[in-house]
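Next up: a single chain in structure tokens, the form predicted on its own.
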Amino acid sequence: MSRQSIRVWYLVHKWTSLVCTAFLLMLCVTGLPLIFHDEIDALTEDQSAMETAGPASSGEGPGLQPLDAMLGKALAARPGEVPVFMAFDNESPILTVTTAPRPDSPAADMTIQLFNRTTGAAVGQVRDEGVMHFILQLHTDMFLGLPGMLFLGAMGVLFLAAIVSGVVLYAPFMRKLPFGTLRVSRSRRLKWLDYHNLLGIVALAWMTVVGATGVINALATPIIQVWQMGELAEMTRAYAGREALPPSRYGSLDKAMAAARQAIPGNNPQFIAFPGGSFSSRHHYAVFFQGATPLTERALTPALIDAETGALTDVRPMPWYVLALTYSQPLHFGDYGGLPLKMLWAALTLFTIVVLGSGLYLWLGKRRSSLDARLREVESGGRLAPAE
């Protein structure tokens, strides 16, 4: 590689890393507890409501209460509000009903109630509060909503650029050194330079995956909006121009669910989006079904049911860009492989913290050195680095 090429890649690596390092450190620190959010929730929250045994609320067995009855109980507890979502569980009879003052109300104005579908009894509410909720909000959007998500997505793009440029510089640096070289008996700077390079290359694939899925997750809102304007608009073209269906004219949920199950047999419903919300049209119940296998359970397929008549309007698989989002969310937090994968995710997160911290330390130590001196350090594998 020519001196000019090394110069360009060095500057790309330096500035992309410097701009995103502080935010990446915050994301790593907040991401660590989020990897174990299920385990932490199990230790800190009252699980009595969720540990109810019985048939799955996503099923259709004789021991389950009608959906219309469950919705009626939820609305009776929140007079004046409208339904937004109803979500199901594949392992317990618990279902949730989300209500809000308006179908398009912000999440902060929504109320999520828990019900036992075998008894019909209310078993509590989901409360978005506490330390884990604070950490999740900080990690997701820094309490800034969509602008915060997009900003962190931009930091993710810089992180990916820093990874690529770091890999390019790794080749000339390691040209004369065996893999895994750690010169711990030399200067402190050279020791941390070797740690930076070794941990960076070991965690390379993981950092790339988590960085890329983080960028995709940051684009969740625009991705759903593109789906609404594209696929969803095509599915409901016959309803274009109609006034929004008022809640007083909503028809039977059980009739709608029966029509949806007939259109997509063999799958379980994950949630129902009510008319006017972000996942449906102004006239439809959108019943989202999940696949029946561990590989396909993230691939949702919506069945659109006319909310007034209960007739099926259309069924289509979600487009590739929405599937990319649904698969990237659990992959980002290591939710696919249980506790062993979470432990690996946590270890690689710690590696990344060391890479980011050592990179900052190395820049602070040589920020007054000339660019030529820093390029010679890369070309010589650190042998021509000035003494600390």
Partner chain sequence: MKGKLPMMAIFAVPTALAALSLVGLVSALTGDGLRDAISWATLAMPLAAVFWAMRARRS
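In this text, all values refer to a predicted model and were calculated from it rather than measured experimentally. Positions refer to the first chain, counted from 1.
Below, we turn to the form predicted together with the partner chain, even though it does not appear here.
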### Query
With the cut-off set at 4.5 Å between non-hydrogen atoms, does Gly54 touch the partner chain in the predicted complex?
no
### the partner chain contact in the predicted complex: Gly180, any heavy atom under 4.5 Å
yes
### the partner chain contact in the predicted complex: Leu362, any heavy atom under 4.5 Å
no
### Query
Is there a heavy atom of Ile35 no more than 4.5 Å from a heavy atom of the partner chain in the predicted complex?
no
## Note on the structure
Note: the partner chain not shown here; in the predicted complex, the stretch from 195 to 203, 259 to 267, 299 to 307, 121 to 129 having heavy atoms within 4.5 Å of it is 195 to 203
### Task
Would you confirm whether the three residues Gly145, Phe151 and Arg316 all fall within 4.5 Å of the partner chain in the predicted complex, going by non-hydrogen atoms?
no
### Message
If the cut-off is 4.5 angstroms on heavy atoms, which of these, Tyr239, Phe279, Tyr170, Tyr250, is the one near the partner chain in the predicted complex?
### Response
Tyr170
### Task
Have a look at Ala76, Ala311, Leu295, Met229 for me and say which one sits with a heavy atom within 4.5 Å of the partner chain in the predicted complex.
Leu295
### Task
Can you tell me which bits of 346 to 366 touch the partner chain in the predicted complex, meaning any heavy atom within 4.5 Å?
Ala347, Leu348, Phe351
